[in-house]
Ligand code: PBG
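One chain comes next, on its own, written out as structure tokens in the form predicted alone.
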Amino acid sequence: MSRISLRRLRQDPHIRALTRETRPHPEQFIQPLFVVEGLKERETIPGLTGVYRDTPESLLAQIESDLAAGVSKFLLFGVPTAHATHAISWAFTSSQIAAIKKRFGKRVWLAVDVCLCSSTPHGHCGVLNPEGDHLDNARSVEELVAAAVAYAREGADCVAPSDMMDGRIGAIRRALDDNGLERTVLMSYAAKFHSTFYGPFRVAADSAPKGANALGDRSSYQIDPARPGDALQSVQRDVAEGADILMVKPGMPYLDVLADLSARFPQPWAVYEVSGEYASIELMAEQGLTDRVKAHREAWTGLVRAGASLIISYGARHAREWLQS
């Protein structure tokens, strides 16, 4: 009986490349963008090397640069100066969508985050009740529907509700269809966990809960990290309500959830490599504790191996270079 050698297929770069089962590809990547009303010049974001809070003007220049780097798919976060507790204006982000589509047309695929956190004075993802200790689900969904329709009308290819309100996928899908926007893709943050890895993002989007409201953090509406069964039920609901793409967020701490759900549901699966995940690699590299490119490639490979077909990453603009290096 011949001996089995597993090392024969590992012995040189050629055979390793030929026998890989998991291959992240640049076309899978979506680059987050932040556009901030009232900025005089773009601002860096702590921990997110090469990612910025952009002005409307620098945003267009950044997209031009990203296209040259091989990135054509984006997730836009608008950060307006005006805040409201209800009857929120979506004009600022809508105007940025219109400007992007006018400049780039079909050269870009533009998804837009749909949430209330950057547009409310309290920073929560929905409308607070009068006591400030609970989110009013029905009123929150009304605001989310208005945002999604406004963004789709201005040319968003995809709307992506990240709020975790009950029933918002079905409500948005019906509203889009009723308004002749049935071609708009609906990407649900279906399994979004109450994570500590969102820190740099909350700086970028000015979206941390704030003020003297009794609700405190987002644990009452985002999924508890210790309750993966909630993720399953959330995904089942969003599939039934018409989500086109499903998402797990964050990525690396929830690879087991992604692997399980992507095996159960045949829809395309997105994973958000969140700001804390990305920043941890950047900060280790800054301290000489890891090889930056190799670490990012390894993280992305893990996400694809677990079932992701789309990766939202702050390093998407480097994907072509890093995956080919």
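Quick caveat: nothing in here was measured; it's all calculated off a predicted structure. Sequential numbering from 1, following the sequence displayed.
This next part talks about the form predicted in complex with this ligand, which is not shown.
A.B. asks: Give a yes/no on whether Arg202 approaches this ligand to within 4.5 Å in the model of the complex, heavy atoms considered.
C.D. replies: Residue-level check for Arg202: yes, a contact with this ligand.
A.B. asks: Looking in the model of the complex, any heavy atom of Lys192 within 4.5 Å of this ligand?
C.D. replies: Although this ligand is absent here, Lys192 would touch it in the model of the complex, with heavy atoms inside 4.5 Å.
A.B. asks: Find out whether any non-hydrogen atom of Asp113 is located within 4.5 angstroms of this ligand in the model of the complex, and reply yes or no.
C.D. replies: Judged by the heavy-atom cut-off of 4.5 Å, Asp113 is in contact with this ligand in the model of the complex.
A.B. asks: Is there a heavy atom of Ala156 lying 4.5 Å or less from a heavy atom of this ligand in the model of the complex?
C.D. replies: Heavy-atom contact with this ligand at 4.5 Å: absent for Ala156.
A.B. asks: Decide yes or no: are Phe29, Phe74 and Leu258 jointly within 4.5 Å of this ligand in the model of the complex, with each residue judged by its heavy atoms?
C.D. replies: Looking in the model of the complex, the three residues Phe29, Phe74 and Leu258 all stay beyond 4.5 Å of this ligand (heavy atoms).
A.B. asks: In the model of the complex, which of 35 to 43, 50 to 58, 294 to 302, 268 to 276 comes within 4.5 Å of this ligand (heavy atoms)?
C.D. replies: Going through the listed ranges, the match is 268 to 276.
A.B. asks: Could you work out which of Ser234, Gln96, Ser140, Gln222 is the residue within 4.5 angstroms of this ligand in the model of the complex, going by heavy atoms?
C.D. replies: Exactly one residue meets the criterion: Gln222.
A.B. asks: Pick from Leu128, Ala147, Cys125, Ile100: which has a non-hydrogen atom within 4.5 Å of this ligand in the model of the complex?
C.D. replies: Looking at the other structure, the residue within range turns out to be Cys125.
A.B. asks: In sequence order, which positions of 301 to 322 have a non-hydrogen atom within 4.5 Å of this ligand in the model of the complex?
C.D. replies: Only a single residue, Tyr314, comes within 4.5 Å of the partner.
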